[in-house]
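A single chain comes next, written as structure tokens; it is the form predicted on its own.
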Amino acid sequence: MKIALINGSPRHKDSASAVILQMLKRMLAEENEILELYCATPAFAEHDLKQITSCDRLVFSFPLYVDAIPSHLLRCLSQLEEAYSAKAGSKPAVYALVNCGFYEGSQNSVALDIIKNWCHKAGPTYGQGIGMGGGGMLLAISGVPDDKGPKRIVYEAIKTMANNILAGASADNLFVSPGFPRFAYKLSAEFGWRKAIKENGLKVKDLSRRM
């Protein structure tokens, strides 16, 4: 089986989307052909487009942008829709992994609905999506074993999706947050903001200043 793992983050490195895809890849690599692609521009290269449309499964991983999908990825989806309309034969099953800076994974529900609606329009089958909160934290703890500590709940959700990908099955979306207290996550995030604003020559009180 040929599986495309498509990173829709505008960052070419150090992205939570990449960390998440690597977790999934470790569950799928055996006996499957894995195609890894970065989608950081508004169009797929022609060679990449042909590769994607030859796959049995597509997995998109991307960060939440204004409760939706990054604009460059939307352009790529439109391009992919045109490619599928011109291609005869069966269409792939599509899965999506969306992460955000909010603690609650449910904040990603609209973005997953957009992917589901795209599947309905373009032809592929919508398999499942996972909305993940605390995306920045996932990057910070990337060195922690997948099934340990605060990554465990994310690992279990991705494992469920991996099984559905292998079976070509559809299932309800899952919404998770890292296994880390909300108040502690909020404190860590606020510390980062305070550090950044001081480094840029401003004061902490400027965080609350109205423009």
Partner chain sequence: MKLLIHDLNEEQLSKLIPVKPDDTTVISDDGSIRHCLGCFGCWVKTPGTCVIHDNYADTGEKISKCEEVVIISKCFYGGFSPFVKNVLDRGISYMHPYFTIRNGELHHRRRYGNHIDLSVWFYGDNITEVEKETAERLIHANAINLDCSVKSVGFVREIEQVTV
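This is a predicted model, so every value here is computed, not measured. Numbering follows the first chain given and starts at 1.
The same protein has a further form, the form predicted in complex with the partner chain, not shown here; the description that follows concerns it.
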query	finding
Within 4.5 Å of the partner chain in the model of the complex, all of 47, 53 and 152 (non-hydrogen atom)	no
Interface stretch in the model of the complex with the partner chain - options 26 to 34, 160 to 168, 66 to 74, 140 to 148, non-hydrogen atom within 4.5 Å	66 to 74
Exercise: residue 179 in contact with the partner chain in the model of the complex, heavy atom 4.5 Å	no
Contact label in the model of the complex: residue 85 to the partner chain, heavy atom within 4.5 Å	no
Non-hydrogen atom contact residue 91 with the partner chain in the model of the complex at 4.5 angstroms	no
is_contact(residue 174, the partner chain) in the model of the complex, heavy atom dist at most 4.5 Å	no
The partner chain in the model of the complex - contacting residues of 14 to 37, heavy atom within 4.5 Å	none
